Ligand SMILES: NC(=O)c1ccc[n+]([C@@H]2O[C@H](COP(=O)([O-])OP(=O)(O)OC[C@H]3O[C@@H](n4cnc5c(N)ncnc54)[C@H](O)[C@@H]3O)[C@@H](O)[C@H]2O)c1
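Just one chain follows, in the form predicted on its own, and it is written as C-alpha cells.
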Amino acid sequence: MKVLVTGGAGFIGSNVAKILEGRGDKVFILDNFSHSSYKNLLDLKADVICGDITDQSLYNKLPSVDAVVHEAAITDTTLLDDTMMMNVNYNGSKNVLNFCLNNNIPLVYASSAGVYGESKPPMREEEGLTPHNTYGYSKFLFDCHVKTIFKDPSSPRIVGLRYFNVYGPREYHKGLAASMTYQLYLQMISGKSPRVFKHGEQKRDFIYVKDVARITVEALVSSESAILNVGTGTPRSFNDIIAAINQALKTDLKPDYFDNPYGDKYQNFTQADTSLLSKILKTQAKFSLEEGISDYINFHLEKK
C-alpha cells in the first residue's frame, strides 16, 4: 500500500509513518517543516516532499497513492494569527480532501477534541460542538464540511479522528505546545517542583501517541465514513501525571501550584465517549496513563 502522510515530520504524523513502514507500506511524507522536525524522519525511509497543503498547484505533482493520512495543521492554540490558522487548518484541509475525492482514495484526517470547548463530559461526537478558540473552530468547520461529503454514496471512505490529549515520543520539537506530560517531565528530571494550575485536579483524557498512531492506521480500512473520538474514555488529573512521572523517575517531587491565567478559555475537563470508536473500528486505547508514561520515559526520553 502506498500512503501519503501530510505533516509526516510532525509529532503524530511521524508516529503514523513509523507504523506504516513497519508493516511494509510505502510512505510519502508531505511537510513544509514550519511546525515539525527533520529529526522525526531520521529512522524512516519515506520519500519526503517539501510542500505546503495550502498550495493548490502542489497536488498535480504528488505521486499516485492508495490513501492519505492528513496530519498537517497548526496546532498551537495560542497563535494570534487567526487568518493563518484558518487558511492552513480549513482551506489547506479542503485541498487535501479534494485530492482524495479527485483520485477516489480513502482519507483519514486529524480532527480535535478542541471542537467541544467546555461541553459537558463525556464528549459525544454529535453533541456540544462549541469550540472556544480559532483552532477548535478550524477543526469544527472542516468536520462540518466533511459531513456534507458523507451524503454522497460514491465518495471514498473518509474518517475524521478527534484526538484528545496526546503525549509521547517525537513531540520534542513542539516547545511550549508539547504535552504537559513532556513539560512536567523536563521540570522533574532537572529536580524542579512540577508547576501546574491550582490545585492540579483539572482532568483530561490523556492518550499515548502509540495508541493514537495505531488507531489512525487502523482507520484506513474502516468499513464506513465517520468522525470518531480518539481517547481512553478515562479522565485523569495533572496530579496523576506528576505521580506517574515520580514513579517512573523514582522521585518524590511535590507540585508547585499557581493561578490559572486563562479563565474561561481553558478546558478544565475532557473525556471522550469512545463507544462509536469501538463500534466502527472495533478498537480502543490499550495504554493506561501509568503504562504510557512509563513506556515514554523508560524507552524514549531516557534514551534521547
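In this text, residue numbers run from 1 along the sequence as written. Just so we're clear, the structure is a prediction, and the values are computed from it rather than from any experiment.
In what follows, reference is made to the form predicted in complex with the named molecule, a form of this protein that is not presented.
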**Asked** Hey, in the model of the complex, does A213 get a heavy atom within 4.5 angstroms of the named molecule?
**Response** no
**Item:** 4.5 Å heavy atom contact, H173 to the named molecule in the model of the complex
**Value:** yes
**Message:** Residue-level contact is defined here as any heavy atom of the residue lying within 4.5 Å of the named molecule in the model of the complex; does I12 satisfy this criterion?
**Reply:** yes
**Asked** Do L220 and the named molecule share at least one heavy atom pair within 4.5 Å in the model of the complex?
**Response** no
**Message:** I need to confirm a contact call. Of S64, S278, N268, S34, which residue comes within 4.5 Å of the named molecule in the model of the complex, counting heavy atoms only?
**Reply:** S34
**Item:** Heavy atom within 4.5 Å of the named molecule in the model of the complex - residue from S225, T232, T75, Q183
**Value:** T75
**Fill in**
TL;DR on 254-262, 47-55, 240-248, 269-277: the one with heavy atoms within 4.5 Å of the named molecule in the model of the complex is 47-55
**Request:** Check each residue of 156-176 against the named molecule in the model of the complex and list those with a heavy atom within 4.5 Å, in sequence order.
**Result:** Y163, F164, N165, V166, H173, K174
